[in-house]
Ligand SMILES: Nc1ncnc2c1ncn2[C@@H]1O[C@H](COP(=O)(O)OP(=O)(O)O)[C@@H](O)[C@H]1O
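There is one chain below, alone, in structure tokens, taken in the form predicted on its own.
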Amino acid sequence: MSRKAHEKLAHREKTVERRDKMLIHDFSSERATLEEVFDQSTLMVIYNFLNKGILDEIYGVVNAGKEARVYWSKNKEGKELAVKIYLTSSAEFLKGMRKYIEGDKRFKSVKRDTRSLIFAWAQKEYRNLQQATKARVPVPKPIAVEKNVLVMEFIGKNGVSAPSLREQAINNPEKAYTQLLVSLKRLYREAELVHGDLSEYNIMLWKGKPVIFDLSQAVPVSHPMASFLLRRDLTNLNRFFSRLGVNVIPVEEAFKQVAC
């Protein structure tokens, strides 16, 4: 066997070994779930990330929703990453997502079939995370995206995700509330985005600071629903923090602080 052929075979064996290593870590999932998530197209994206060195190993599910699964992963340096895989077979949330994409000029040329919309949704979250990171908003840093697979920073340690505000007592709720208003202000004025679905369920508390996640539905400030969505985000924050005894700012006043 020639040296070139030997290297090609060794590369193929290494790819298969990585594939098997990736799949066997997910002991807790049923086979049907694996087949739903790791269809042929998704597997090819994962293999591509493995071959590029973006990923080295993928472990178990850390979050499972109707529209996506999030897996704990590591790169070659041992850095923890989150791999979010949108389910291409899931059409359940398409009705809700259309209004966010159709009003977003960045995606005006996207086809309206299910697969194209879901690919656009993953791209949308990646771009939103990029814009938020550049604006110094505490969000998971985006690493890579292809088709329905998004790789980003893992917020947590040793495969355990940081708790959401809903899941953990907050030592200083007044400070957290103020930090979040600053984050929303940066998100609006510098990243030119509105989260659109902000609540205690998609804000993590990590190292004493709130980290905002799930930015897939975030819209540009030019979106026709931007003002409505920002007021809804502020209403949700006020509702949650007022229950913790925080003297919250009235929504309209907070809106002016963030957007004007």
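For clarity, every value in this text was computed on a predicted model and none was experimentally measured. In case it trips you up, residue 1 is the first one in the sequence shown, and so on.
Beyond the structure shown, there is the form predicted together with this ligand, which is absent from this document and is the topic of what follows.
Contact with this ligand in the predicted bound form, defined as any heavy atom within 4.5 Å, is confined among 172 to 180, 185 to 193, 152 to 160, 130 to 138 to 152 to 160. Although this ligand is omitted here, in the predicted bound form all of K84, M204 and D214 have a heavy atom within 4.5 Å of it.
Interface membership of V62, defined by any non-hydrogen atom within 4.5 Å of this ligand in the predicted bound form, is confirmed. Taking the partner from elsewhere, V70 is found to have a heavy atom lying within 4.5 Å of this ligand in the predicted bound form.
Residues of 169 to 188 are not found to place any heavy atom within 4.5 Å of this ligand in the predicted bound form.
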